[in-house]
Ligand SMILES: Cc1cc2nc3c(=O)[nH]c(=O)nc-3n(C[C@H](O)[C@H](O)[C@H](O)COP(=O)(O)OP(=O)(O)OC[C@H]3O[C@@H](n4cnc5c(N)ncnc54)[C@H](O)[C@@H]3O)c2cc1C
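Here's a solo chain for you in structure tokens, the form predicted on its own.
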Amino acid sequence: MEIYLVEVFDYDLIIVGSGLAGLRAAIEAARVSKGKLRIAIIAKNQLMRPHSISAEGGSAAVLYMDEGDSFDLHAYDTVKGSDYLCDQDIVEFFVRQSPIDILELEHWGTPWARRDDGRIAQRPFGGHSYPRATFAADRTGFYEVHALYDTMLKYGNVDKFHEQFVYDFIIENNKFKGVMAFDIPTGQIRIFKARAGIIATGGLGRLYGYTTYSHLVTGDGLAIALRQGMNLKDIEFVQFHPTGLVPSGILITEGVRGDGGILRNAKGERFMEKYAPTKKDLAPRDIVSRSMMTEILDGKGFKGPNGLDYLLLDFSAIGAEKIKEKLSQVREIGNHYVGLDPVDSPLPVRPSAHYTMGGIDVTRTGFTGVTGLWAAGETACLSVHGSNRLGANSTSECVVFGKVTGEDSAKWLLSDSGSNNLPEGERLNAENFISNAYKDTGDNDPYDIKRDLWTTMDKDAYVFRNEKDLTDGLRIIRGLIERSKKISISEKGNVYNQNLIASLEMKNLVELAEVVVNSALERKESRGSHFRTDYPKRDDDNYLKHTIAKRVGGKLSITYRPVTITKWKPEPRVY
């Protein structure tokens, strides 16, 4: 193993992450700056392969006010769906901006599905009172990413860096100075010096073993922000998508139920009528996931592998032609991963970890509180989604607030002519970080630690939670953190060292797991995705507030902040 000399790149703006939020931020910053700013977008994978391409069902927007939809209706659905924990001023901005950005994606080449009259088609989605999920078959995120990437190529002042693993931010006197990374193909250590940065690294879904997330999504930006003293907000709220394919967890889009699919238990019953008489299978995801797990725990599921008991998603009401036209990717997934064609057979499903409602605590423009540093997309928490996100609001949020952060950071840079000098010793710090990471400090295997983390999170912080499980989970996780300090990396080479990457990702995950579980333990109520069997009621008197987690002196501090309410007072969620 050879440690290279540090290579330094100099930019005005660094964007870390190439999903919907990162790409949209790069476009807007390039557009606003009119070529005056040097911009780099970097990702730990190929830029056109972010997790955003896995989004299937749609992007929510009010397109047809002439047919009964409205901004207030979309906002109310979002607020109610959030179990009243979202900040309503942010939601009101979001629902008004989303249609503008959906139509912009149209002009940039996103092939939205069409009605017979040629207008953009929209499908029903869970918790929405109007069919406002704008979709491109069941590959919405894939097409959106491609449209944004192609648009970004029009701007000559955006440099692209593939396969860069960012392992730290450079911050001096609460001012952003750049990021430390290494080039995965070569192991070359790099510093991307910049006057401003945008964190768009996605969520923390790989905390769980049974999840819809790709293996890329390991909370890197969130963990670095935590270590750097930034606030994480509402991090206990992890969404479980009702229809993860058993046994892999791969997403089966809510669009299936939007197009007429039905959940059935082992007796063949359509059970959602019991739990949400009006919305049935299109109730919000937290309600559907709890209903499914109730059926399974009551013995009405099918026995699955490794304890993954499941229910069935029945496509028969949709019809073969509609499945082939609108759900072709889901059909491919069923055929490839479980050998079942949904045209002919239902698919085995159960709730799967899917989305991070919480994130880095930011303002409406995505500002993190560190001068020159913003965050956007799933990495950030504004909060649009509160304790439970409505389907199709996430991709819209990424585009809306990716644009906002790109614009705000570019305007700030154009108005600030200051220079950016690296703090003394940062080259050595960058080199030492990697050389220390290679050193064997004990005999623990990073992969074993990650597997133990997955087992713990899947058991103790899943759809139903309670004090005993959370306490046990927190104890185990703190033990994993100690084990993560004493590991061995079997591969010592520089070229595509997956063992090194896996160990760094594992350390990020165990640190974040402590925040998720500790925050969940402190919230003694049930709200949205966070359901405690020992505190089964929502408690607005004590917990209508955001959780703020921060590292203080190496220890985790939990405080709270009021929710912003503009129009809609909390009321019972009935669907």
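The model shown is predicted, which means the values in this text are computed figures rather than measured ones. Residue numbers here begin at 1 and follow the sequence given.
Not on display, but discussed next: the form predicted in complex with the ligand.
**Study point:** Candidate spot V256, L313 and R350, all three touching the ligand in the predicted complex (heavy atom, 4.5 Å)
**Key:** No, because V256, L313 and R350 lack any heavy atom that approaches the ligand to within 4.5 Å in the predicted complex.
Check your understanding: When the ligand is placed as it is in the predicted complex, which of 317-325, 469-477, 485-493, 371-379 ends up with heavy atoms within 4.5 Å of it?
Key -> Partner-contacting stretch among the options: 371-379.
Practice item. Work out which of S289, T395, S409, S387 lies within 4.5 Å of the ligand in the predicted complex, going by heavy atoms. Key: It is T395 that has a heavy atom within 4.5 Å of the partner.
Check your understanding: Which residue, A223, A75, L85, L251, has a heavy atom that falls within 4.5 Å of the ligand in the predicted complex?
Key -> Selected residue: L251.
Point to revise | is_contact(I198, the ligand) in the predicted complex, heavy atom dist at most 4.5 Å | key: Outside the cut-off, so no.
Check your understanding: Should A30 be counted as a contact of the ligand in the predicted complex, where contact means heavy atoms within 4.5 Å?
Key -> Answer no; every heavy atom of A30 is more than 4.5 Å from the ligand in the predicted complex.
Practice item. Flag E56 as yes or no: does it have a non-hydrogen atom within 4.5 angstroms of any non-hydrogen atom of the ligand in the predicted complex? Key: Contact check for E56: yes, within 4.5 Å of the ligand in the predicted complex.
Check your understanding: Taking 4.5 angstroms as the cut-off for heavy atoms, does Q164 touch the ligand in the predicted complex?
Key -> Yes, contact at 4.5 Å.
Practice item. Scan 38-52 and note down the residues that get a heavy atom within 4.5 Å of the ligand in the predicted complex; none is a fine answer too. Key: In sequence order, I42, A43, K44, N45, P50, H51, S52 come within 4.5 Å of the partner.
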